[in-house]
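Taking the form predicted on its own, here's one chain by itself in structure tokens.
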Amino acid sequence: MADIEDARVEDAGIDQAVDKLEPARIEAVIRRVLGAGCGARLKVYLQTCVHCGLCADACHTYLSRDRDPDFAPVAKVKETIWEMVKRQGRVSPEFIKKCARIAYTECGACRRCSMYCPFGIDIAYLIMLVRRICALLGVVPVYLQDTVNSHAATSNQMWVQPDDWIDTLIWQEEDAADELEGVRIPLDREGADIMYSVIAPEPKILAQLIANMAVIMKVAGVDWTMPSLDGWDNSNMAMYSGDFEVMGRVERLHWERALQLKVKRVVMGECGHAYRGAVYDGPKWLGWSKPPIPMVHAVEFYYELLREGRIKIARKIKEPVTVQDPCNIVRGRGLHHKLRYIINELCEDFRDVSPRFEHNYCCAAGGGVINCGPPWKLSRLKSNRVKAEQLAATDAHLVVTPCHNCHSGIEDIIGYYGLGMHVTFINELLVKCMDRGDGSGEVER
């Protein structure tokens, strides 16, 4: 049986919205979403599934909840979208409430389960259909909806105002210049080789990551720029809430800003979901075959700088280090080898996880799950005991997490399960290890 405590969580975005629903509206929305927009694909998936349950052992939630069958991916599908199809949309408001809880808080759309399905059914796609229906009905966890509202009103996830954005960049330029003489954060430089794209948590709560990147760009001699106007934030929680209209606005503005600056390519900072939104989900919704300008993730960018010798390593991290494979850049992009190349360049004692690469467990924070906020935090942490056990088995002191959701999710896991580890982004290690050309060139081993 599913966790009774989870079912009792109060969330105004779900509870109050459900109270206002009428059966006729529910049926109309379900028929709209399951009709012309996804009919053939949905039919194939639902008719192909043989309920074998092979997807179950792939799910961190199922494994962490003592293999409770209610948490198996196939059960999540049967309890939501399957019933909607079976009943032709004639479901109750209470049913929609259950669907919202399952789709938003018990599945991060990480797609690990699809790798183990003998028919390759994209279960995450089916769960995202449930989220789409819930979003159109206005039934979304209140904290997640707040980020969507912020995207709609301010074009970024965390209500950062235009003057705050500029002030933060000036502040971080000053801090970076204190670290290395001559560092600048160039704004609106047309024709630069690179536009550097970040997500809103950086100027809001992790501004030092921007200063770190400025130092890295200076040492590597990169011709780069950042936009001063809206479009700088590429995080996209609307993609995961199911509000694809706002998702499309976010991505269109981001790419329009890059086109206005006439840059050759965009480098996305250490964020997995933002990369997914910019390269895959966003362009697809906008009807594009691909983004108008090439984008590389920070992992690809760091790999390039190290392999080409544009950054040289002066010293290595000595304490034991392990890694988290972000779903959207490893399972979705295949950057696992490049990620480990970087870590081995920076660290003396790298201890890999098992399973690893595309088989690694999700952090349980991505896919918008962590953005469901404090009401669902305990549920999220109980759903990833398997990740805590995996990390603990490495005996590492540091966990490298090149993704903001992974960073926050792993931090929560470490605290809840008392692992005694610390979490770090790659760029935090890179600025410690690289030769800055200021007399720190002797390599320490």
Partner chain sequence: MELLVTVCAWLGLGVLLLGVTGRLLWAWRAARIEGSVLPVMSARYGLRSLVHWLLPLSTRNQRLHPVVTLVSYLFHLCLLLAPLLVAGHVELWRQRWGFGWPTLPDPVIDVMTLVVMVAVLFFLLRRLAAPEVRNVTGWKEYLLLMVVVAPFVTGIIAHLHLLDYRLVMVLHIVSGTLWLVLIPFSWLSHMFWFFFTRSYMGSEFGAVRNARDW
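As the structure is a prediction and not an experimental result, all values here were calculated from the model. Positions refer to the first chain, counted from 1.
As for the form predicted together with its partner chain, it is not shown, yet the points below apply to it.
Stretch 41-49 is the contacting one of 377-385, 412-420, 41-49, 397-405, since its residues have non-hydrogen atoms within 4.5 Å of its partner chain in the predicted bound form. In summary, among the residues Lys98, Arg340, Lys316, Arg331, the only one with a non-hydrogen atom within 4.5 Å of its partner chain in the predicted bound form is Arg331.
Distance criterion of 4.5 Å from any heavy atom to its partner chain in the predicted bound form singles out Ala75 from the list Ala75, Ala207, Val222, Val91. Interface membership of Glu389, defined by any non-hydrogen atom within 4.5 Å of its partner chain in the predicted bound form, is ruled out.
In the predicted bound form, Leu34 stays away from its partner chain, with no heavy atom inside 4.5 Å. For the chain shown alone, Leu54 is a contact residue for its partner chain in the predicted bound form, at least one non-hydrogen atom being within 4.5 angstroms. Using a 4.5 angstroms limit between non-hydrogen atoms, Asp70 touches its partner chain in the predicted bound form. Residues Glu179, Glu428 and Gly437 are none of them found to lie within 4.5 Å of its partner chain in the predicted bound form, as judged by heavy atom distances. Residues of 86-119 placing a heavy atom within 4.5 Å of its partner chain in the predicted bound form, in sequence order: Arg111, Arg112, Ser114, Met115, Tyr116, Cys117, Pro118, Phe119.
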